[in-house]
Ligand SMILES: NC(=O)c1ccc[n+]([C@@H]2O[C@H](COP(=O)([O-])OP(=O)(O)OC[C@H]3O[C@@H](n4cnc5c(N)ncnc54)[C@H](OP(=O)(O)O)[C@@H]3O)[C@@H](O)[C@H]2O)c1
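Here's a solo chain for you in structure tokens, the form predicted alone.
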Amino acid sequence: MDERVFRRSGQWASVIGLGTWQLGADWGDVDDKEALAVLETAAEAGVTFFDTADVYGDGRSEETIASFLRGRPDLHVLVATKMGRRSEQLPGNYVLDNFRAWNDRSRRNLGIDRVDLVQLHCPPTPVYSSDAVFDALDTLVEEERIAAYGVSVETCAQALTAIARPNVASVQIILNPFRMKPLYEVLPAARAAGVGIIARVPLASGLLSGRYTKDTVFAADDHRTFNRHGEAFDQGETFSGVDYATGVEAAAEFAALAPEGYTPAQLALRWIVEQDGVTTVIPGARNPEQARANAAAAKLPPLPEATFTAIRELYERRIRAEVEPRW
């Protein structure tokens, strides 16, 4: 699989990575055997970037990755984790002592001395403007606790603030055919600054797979049930913030745009991969079949220009007014 570089850190990642929120919690039950099989399948398909967080299953996702990599010492994988969401979301909690404690826990969970990439996990907006926060992150690099750092954001404004920081290696942001706003300013700014873009929620929590109907029922412990209106965390993380009924109808139209040989999910992933400035996209997978199909999108032919035009028209007509004012 092709790899792209995070220019500021010199690290490389497969164009399609693996998001591992599903392997921790909040997507229904995924047992340990199945989780390890997902990681194995992704690696066999050429995936070299795993994205996790200390809050996914309260560390379960990190520990699962560690278990997998212990059995594959010859495998090169860039592991990115996140920190900050296990504590109360107050700007005052984003200080060096807490960073060290959070990092110590992730290093234990991952079974490593130095984390490849640590990202602040969608912190409160004032954190992005704090010199002290980024000085503390620089200290973690100097102490060789982490090799590089980035941020995960909810809004384009947060992303632009972070990109202006000289040592931010990456910005993780929601980007998919139902969330196009990052294309206007964020991706051009990141390209100019040498900041990598990690595209998350690429399938709009599964909407863009085209598999759901208005009658689909999700498990009680699935965020697509309990966070549909932002009850637990930012609403944008669930179905990209799109109203579910609207999203199902728009997803049916999107699925009809898939060229021959593409599934709707692969169309969404390919659309993201072909955006100038994207370093890697991190779809999740609950089983090996999903992991294999996601990775296969990297080798599909480039999309026809007419497909890009049709996807844009669908977004403008059905989605844009619903999501752009908020994120």
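Numbers follow the displayed sequence, beginning with 1. From a predicted model like this one, the values you see are computed outputs, not experimental measurements.
There is also a form predicted in complex with the ligand; it is not shown, and the following applies to it.
In the model of the complex, residue 21 approaches the ligand with a heavy atom inside 4.5 Å. At the 4.5 Å threshold, heavy atoms of residue 36 stay clear of the ligand in the model of the complex, well away from it. Not displayed here, the ligand is kept clear of residue 228 by more than 4.5 Å at the level of heavy atoms in the model of the complex. Although the partner is absent here, residue 170 sits far enough away that none of its heavy atoms falls within 4.5 Å of the ligand in the model of the complex. The stretch from 254-262, 280-288, 62-70, 39-47 that comes within 4.5 Å of the ligand in the model of the complex, counting heavy atoms only, is 280-288. With respect to the ligand in the model of the complex, the three residues 100, 109 and 139 uniformly fall beyond 4.5 angstroms at the level of their nearest heavy atom. Of the listed positions (118, 159, 203, 195), a single one reaches within 4.5 angstroms of the ligand by any non-hydrogen atom in the model of the complex, namely 203.
Shown here without the ligand, the chain has 51, 56 in 42-58 lying with a heavy atom within 4.5 Å of that partner in the model of the complex.
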